[in-house]
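Here we start with a single chain on its own, the form predicted on its own, put down as structure tokens.
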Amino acid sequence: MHRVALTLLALLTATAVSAQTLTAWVWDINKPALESTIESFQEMHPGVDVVVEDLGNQNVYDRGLAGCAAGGLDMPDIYLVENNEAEVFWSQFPDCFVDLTTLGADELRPAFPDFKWAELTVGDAIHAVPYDSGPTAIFYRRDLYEQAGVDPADIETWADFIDAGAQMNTAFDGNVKMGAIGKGADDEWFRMLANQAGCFYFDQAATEITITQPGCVQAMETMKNVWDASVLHPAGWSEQIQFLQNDAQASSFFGSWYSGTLIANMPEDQAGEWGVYLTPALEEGGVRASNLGGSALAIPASSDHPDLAYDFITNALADEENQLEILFEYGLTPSLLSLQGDPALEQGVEFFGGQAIWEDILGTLGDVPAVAGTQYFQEAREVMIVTVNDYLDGEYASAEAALEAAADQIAASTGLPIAD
């Protein structure tokens, strides 16, 4: 939706407002990204302030659950929710958020892909507007790869990635690792690789547990192969940032939003030294795409300013100029369909050595399998964080044994059956 259309819409619908403040709860790079859209929003609503608060990812989730459980107490006007956690809120607290169709969100349906809406709608109700997507990629340091004699163009499979990691170990006496994994802190590697293999915690209908299926087994085995090759640091989120800042880690495997994290956190002398290549395939000629993350903006029903909050959301997420700025300045991959094929994506990104990274990354979106987050996402994730850690430590005889044990635990906590 073009800004001029939004402006006209706002002029028709906005009431005289003054001295009002909208609050938004977000995390990480989303704070400056959404703040960048405030000026254009205020052109439509002079006198309305917007305060974007970075509470941290987990804290936003936890405070959202607590606020909904308390009937909307202490909730903001705008709430950032990860797509794969959204169904927790819709199922447990169906009245906690505004049905955005009452504010005109039906008109936005054609503007975003169906897979983004899948986790944001219940029946005919729309509870949030799609924000960013998270197609995965490998973010790498050009200078470190070059010193180790590693050419990213030669890395087509995870086996190639392991070979390159061995070169990295040799070149730097093991002081620089090819990457890092949140061992014991998160199961994101499993989710990315499982998605790549067309598998996830649950089936699309969220009626069965599917982690014992062949694709998830392949994901676990691939992950252990990489780990056993001693080419990864064990490191949570903060530790990985420190390794990257201190030239001790040459690559990161994450969703596309990680580019913004790098730009925001790396020292100035690393600008231009970064590059991106596609996620290695599980086998030669295999899929080189998966997704991690992606979020949406919702309006708590307790907000005193739902109309203003909706105008802020549509201005930030459905306006091409704002979405391009959020993409290029903060690295958040847009979900707005009208940007596909936009000539602006052919522009090189200075931080990434002038590489036109968005043309490559957005080009993988069509290969990413859709998955259902379900209301049981967190229960399954907590089980898998422990299972992945134990499996990498050799406490299971096989990937099948680890996943069968995890499936039993998830079944016990959710009541869902395990798929044959």
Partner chain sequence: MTPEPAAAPRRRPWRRRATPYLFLTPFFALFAIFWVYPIAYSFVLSFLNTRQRPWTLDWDFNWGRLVQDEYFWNALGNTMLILVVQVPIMLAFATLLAVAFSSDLLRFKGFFRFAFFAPLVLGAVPYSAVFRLIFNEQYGVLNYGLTAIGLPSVSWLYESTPALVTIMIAMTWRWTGYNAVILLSGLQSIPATLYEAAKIDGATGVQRFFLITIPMLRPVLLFTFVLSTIGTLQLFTEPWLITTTGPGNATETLVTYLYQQGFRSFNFGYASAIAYSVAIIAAIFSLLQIRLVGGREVER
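Bear in mind the structure is a predicted one, so any value in this text is a computation, not a measurement. Positions refer to the first chain, counted from 1.
Quick note: we don't show the form predicted in complex with the partner chain, though the next part is all about it.
Inset, instruction - Mind telling me which stretch in 22-30, 62-70, 38-46, 347-355 gets its heavy atoms within 4.5 Å of the partner chain in the predicted complex? - result: One stretch meets the cut-off, namely 62-70.
Legend entry - Joint contact, Q242, N389 and Q409 to the partner chain in the predicted complex, by non-hydrogen atom at 4.5 Å: Heavy-atom distance to the partner chain in the predicted complex: all three under 4.5 Å.
Inset, instruction - Flag H233 as yes or no: does it have a non-hydrogen atom within 4.5 angstroms of any non-hydrogen atom of the partner chain in the predicted complex? - result: Contact check for H233: yes, within 4.5 Å of the partner chain in the predicted complex.
Legend entry - L55, heavy atom within 4.5 angstroms of the partner chain in the predicted complex: No, no contact at 4.5 Å.
Legend entry - 4.5 Å heavy atom contact, Q92 and the partner chain in the predicted complex: Close contact exists here: in the predicted complex, Q92 approaches the partner chain to within 4.5 Å, heavy atoms only.
Inset, instruction - Could you confirm whether A248 comes within 4.5 Å of the partner chain in the predicted complex, counting heavy atoms only? - result: So A248 counts as contacting the partner chain.
Inset, instruction - Go through G104, P152, G198, G184 and name the one with a heavy atom inside 4.5 Å of the partner chain in the predicted complex. - result: Checking each option against the partner chain in the predicted complex, the one that comes within 4.5 Å is G184.
Legend entry - in the predicted complex, residues of 377-392 near the partner chain [heavy atom within 4.5 Å]: If the 4.5 Å heavy-atom criterion is applied to the partner chain in the predicted complex, 377-392 yields Q378, E379, E382, V383, I385, V386, T387, N389.
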